[in-house]
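Let's start with one chain on its own, the form predicted alone, as structure tokens.
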């Protein structure tokens, strides 16, 4: 599949005006995205990681939760072959996508890698959060809290991204934020990279959310299966 096909560009206009949400994760054969000690770099191969940069480049925003930001301190900018010859990214990056951290309590530290000037950064926080340390380092957007008090309202988040020209949103985790999107029926495409490896303990791809019984299981249609170096890449569409 072409990169545009992987992220479902042809479907971007069919989700009611909001950004199209592409959820990507990398896991072991036993479904772990991180070890018990929270380390997660690197589960998948250099080939898969290079492809992820191309997927990021095809969207207008890369989104992570505050837990992922604090655990991994990700940079989230796209690196092309021009920037790093080891990354065989088939897309030249003319304009960096937004780097977005969903950070309800504004806990992103001032020294976070995502706050450098390589790409634009947007931090979404609760309306009552103290985000003074971030206001001169990123675009800070205040959003209402979710009705259950956990996190931010996802419709407001998508609205804020849509106002900034985001048509395709690349959701890279973590598991709590991803589970919220899945539970709300807001994931439109899933791209899973499965490494031929086992961890035995650690984090799973989704944690929390509203699916608690087999009666509510979210079935998906498998769109593509392919190799990515030693890994397997699965592309699926949730059934509505």
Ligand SMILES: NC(=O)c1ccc[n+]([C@@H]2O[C@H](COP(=O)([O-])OP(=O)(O)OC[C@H]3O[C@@H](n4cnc5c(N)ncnc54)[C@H](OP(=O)(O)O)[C@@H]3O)[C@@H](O)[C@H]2O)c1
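Worth saying up front: this structure is predicted, and the values here are computed from it rather than measured. Numbering follows the first chain given and starts at 1.
If you look for the form predicted together with this ligand, you will not find it shown, but the lines that follow are about it.
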query	finding
Proximity to this ligand in the predicted bound form, single hit among 176, 60, 45, 183 (heavy atom within 4.5 Å)	176
Residue contact check: residue 203 to this ligand in the predicted bound form, 4.5 Å heavy atom	yes
Residue 25 within 4.5 Å of this ligand in the predicted bound form, heavy atoms	yes
is_contact(residue 172, this ligand) in the predicted bound form, heavy atom dist at most 4.5 Å	yes
This ligand contact at residue 96 in the predicted bound form, heavy atom, 4.5 Å	no
Location of this ligand contact in the predicted bound form, chosen stretch of 162-170, 148-156, 112-120, 131-139 [non-hydrogen atom, 4.5 Å]	148-156
Partner contacts for 101-124, taking this ligand in the predicted bound form and a 4.5 Å heavy atom cut-off	102, 103, 104, 105, 107
